[in-house]
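First, one chain by itself: the form predicted alone, in structure tokens.
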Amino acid sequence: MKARVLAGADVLKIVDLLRREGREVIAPFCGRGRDTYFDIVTDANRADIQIHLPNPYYPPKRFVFPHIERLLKVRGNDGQFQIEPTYEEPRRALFGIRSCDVEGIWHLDRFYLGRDFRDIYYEKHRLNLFLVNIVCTDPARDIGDECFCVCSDTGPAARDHFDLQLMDLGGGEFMAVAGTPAGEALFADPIFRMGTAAHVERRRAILGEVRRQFKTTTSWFPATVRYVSEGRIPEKTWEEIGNRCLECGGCTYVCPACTCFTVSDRRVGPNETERVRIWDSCALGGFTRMAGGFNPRRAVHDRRNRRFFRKLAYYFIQRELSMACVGCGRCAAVCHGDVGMPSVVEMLRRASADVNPNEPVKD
């Protein structure tokens, strides 16, 4: 990967370069208090773009996998029907996306595009998407109490799957790393200059220090993957997790790696119906309900079991080449029952220790 250095005062000029290419640029902004969000960059708000800020709870994956998306329209009259697929092909750039969210989009790529069947709606959103990753380097603003990307090996600096990566080196300088030819093409602009060995060394030192600033560590991830994959988690532990769950669906709606959706048809005119795709959540009671009304996972702890099996079991990791957890900590931040991923991994660790067959016992 090629790298360049630029002045901190020139970072937002990258946004200008992308807009001049005809891209709709999405960037992070601050609201009131902790409220942060991604929004479209305009001439009016361009100066308000934030480089360092708490990661927005609503993940930017919605710009490639919309929360609600029309798939097709059906027009009919006198027994004659016409089906019109609805495709959106926006030319976009996500500026300021964190490393955990870069990994989340990569996981969606593996799920929707990496196997025998390709989702054409996702593919059209993804085709012209340019990702500008920001490395988390400011512990006070970038790293929340719930962040644990160091445990899922997704941050604080993404290793790949971005077009351009920016890292604050301090002293008014940033390092830019190109991850694709499209990112490298931006280096033709005079705002970028060649770096030195000292810049590379400073990058390494900063990352080493930042990795020590995370408050949440879930080092039992590998063991938990093994226990879940082998079915060694006691049923009473899943029941305990289920009893804490309020079935709100918040954890799945803020997760950058969740892929579930449902499809619904709705009437929009006298002779017109549209089919829409909507995010779904395994926390909701109707998620596994079948057409005849039978629900094989009516109990909430069965659905929690399914959620964490889907996230952690080796079968899914092997199939999609990545674990469906990116360590962003959003699930822990929004869960009122304290069954976000870090808490659940710790509960599963304790449960597995309690039933360890190799534990010495008194005769």
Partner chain sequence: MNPSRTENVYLPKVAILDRVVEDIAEVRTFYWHFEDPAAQTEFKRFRPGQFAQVSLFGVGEFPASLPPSPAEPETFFTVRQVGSCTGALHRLKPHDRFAVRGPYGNGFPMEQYRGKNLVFVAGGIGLIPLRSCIVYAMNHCDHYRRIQIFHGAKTPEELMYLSSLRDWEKSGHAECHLTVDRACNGWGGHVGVVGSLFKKPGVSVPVEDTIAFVCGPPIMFRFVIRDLLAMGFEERNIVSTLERYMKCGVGKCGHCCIGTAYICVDGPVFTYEQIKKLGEDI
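This one's a predicted model, so the numbers in the text were calculated from it and none came from an experiment. Residue numbers count along the first chain shown, from 1.
If you look for the form predicted together with the partner chain, you will not find it shown, but the lines that follow are about it.
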query	finding
Complete contact of Tyr37, Phe221 and Thr237 with the partner chain in the predicted complex (any heavy atom, 4.5 Å)	no
Proximity of Asp163 to the partner chain in the predicted complex, heavy atoms at 4.5 Å	no
Close approach of Pro85 to the partner chain in the predicted complex, 4.5 Å, heavy atom	yes
Distance check, Thr196 to the partner chain in the predicted complex, heavy atom within 4.5 Å	no
is_contact(Ala188, the partner chain) in the predicted complex, heavy atom dist at most 4.5 Å	no
One stretch from 24-32, 40-48, 308-316, 55-63 that, in the predicted complex, holds residues within 4.5 Å of the partner chain by heavy atom	308-316
Candidate from Lys215, Arg289, Arg211, Arg159 lying within 4.5 Å of the partner chain in the predicted complex - any heavy atom	Arg289
One residue of Arg226, Arg91, Arg118, Arg141 in contact with the partner chain, assessed in the predicted complex (non-hydrogen atom, 4.5 angstroms)	Arg118
Residues within stretch 246-278 having a non-hydrogen atom within 4.5 Å of the partner chain in the predicted complex	Thr259, Cys260, Phe261, Thr262, Val263, Asp265, Arg267, Thr273, Arg275, Arg277
